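Presented as structure tokens, the chain that follows is alone, the form predicted alone.
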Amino acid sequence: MSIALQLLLMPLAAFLVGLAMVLMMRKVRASVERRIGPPWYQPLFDIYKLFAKDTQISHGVMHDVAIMMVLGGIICVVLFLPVPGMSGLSAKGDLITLLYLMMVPSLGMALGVGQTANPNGSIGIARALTAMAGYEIPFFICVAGAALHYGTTDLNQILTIQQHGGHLEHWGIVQMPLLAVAALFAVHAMLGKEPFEIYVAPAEIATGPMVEMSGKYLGTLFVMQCFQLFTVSVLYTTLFLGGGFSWFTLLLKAFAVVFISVLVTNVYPRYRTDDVLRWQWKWPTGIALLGLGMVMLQIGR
């Protein structure tokens, strides 16, 4: 498949899969709360409704540019993910490239909300950046440990190593169980779900960064969430679950990662900001450091 065709199909596939993940999250929550839940077309209807509205409020050029940074940044991440049949672009980048690009949407959001000068939005962004300091440390340790274990930062080579012979014993979760567990904790916080939903907190800061977003701006953030769910789950699957020989196996694992996060979301209440940092630096970071130590011992033998 040509690179030009992948540039078109990859974002479309990621968007549709992300929509399905959003629907699954809503259905699971509804089941936990003993409700019927939304119909299958509800996420699409929500996006159409938001983009059909007139966006009356714009706080300047930076506000508009920030929205493009949020969506453009996450789409760039999607393009570098190795998926069956569309791995040409992933050969142009590696884990370092992905980690760099994954910070662009958060920084874009911070710039845009800062332009609005809304105190609730500023508090939400401050909380979001604080949460990043909490979950990115264990996640970076896990990525570093995985790169040391595989001896490369090339995602295609990492998949080749895990898929060798088609045996589960080559998967990262088997070879590096502590790093896989720590990364799963970090991934859940990265998605911004309870108990780490500190930057939204509707009862405290009126949804924080989204308080000045309406119409097409809010619709763009909804689309960004779809891409984020796909990106984070596929990246975790690539590093620790052997990726997928086909789209079916890849999506089965990716949906399982999101499903685990949804189950946690519906059980635990939201933590305070200081509790998020304390918890992330104590448990995922501690487990990740132990996992990194085990990887270094294995390399030294």
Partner chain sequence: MNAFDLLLYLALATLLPSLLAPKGRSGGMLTTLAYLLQVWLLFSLLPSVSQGGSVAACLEFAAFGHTIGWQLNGFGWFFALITAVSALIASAYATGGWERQCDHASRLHSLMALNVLAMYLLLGAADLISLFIGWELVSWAGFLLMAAPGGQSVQAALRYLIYALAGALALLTAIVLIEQSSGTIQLDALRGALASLPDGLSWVVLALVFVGFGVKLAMPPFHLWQAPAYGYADGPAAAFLGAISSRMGLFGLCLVLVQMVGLERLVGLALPFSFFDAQSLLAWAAAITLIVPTYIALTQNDARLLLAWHGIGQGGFMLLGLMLGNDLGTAGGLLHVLNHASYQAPLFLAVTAVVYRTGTADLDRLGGLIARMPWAYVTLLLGIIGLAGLPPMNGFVSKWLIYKGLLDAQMPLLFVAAVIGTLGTILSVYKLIHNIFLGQLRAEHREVTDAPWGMTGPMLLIAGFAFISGMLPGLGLYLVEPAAAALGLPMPSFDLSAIHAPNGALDMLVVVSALIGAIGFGALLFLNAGRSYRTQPLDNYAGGHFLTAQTRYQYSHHFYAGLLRVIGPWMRPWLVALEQGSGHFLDLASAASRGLYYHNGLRFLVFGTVVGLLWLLIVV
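Remember, it's a predicted structure, so these values are computed and weren't measured experimentally. Residue numbers count along the first chain shown, from 1.
What follows is about the form predicted in complex with the partner chain, which we do not show.
Subject >> Exercise: Lys216 in contact with the partner chain in the predicted bound form, heavy atom 4.5 Å >> reply: Flag for Lys216 set to yes.
Subject >> Exercise: Cys76 in contact with the partner chain in the predicted bound form, heavy atom 4.5 Å >> reply: Looking in the predicted bound form, residue contacts with the partner chain include Cys76, since a heavy atom lies within 4.5 Å.
Subject >> Distance check, Trp171 to the partner chain in the predicted bound form, heavy atom within 4.5 Å >> reply: Trp171 lies outside the contact set for the partner chain.
Original post:
Quick one: does Met296 come within 4.5 Å of the partner chain in the predicted bound form, counting heavy atoms only?
Top reply: Met296 belongs to the contact set for the partner chain.
Original post:
Is any part of 275-300 within 4.5 angstroms of the partner chain in the predicted bound form by a non-hydrogen atom, and which residues would that be?
Top reply: Contacting residues: Leu277, Arg278, Trp281, Leu289, Leu292, Met296, Ile299.
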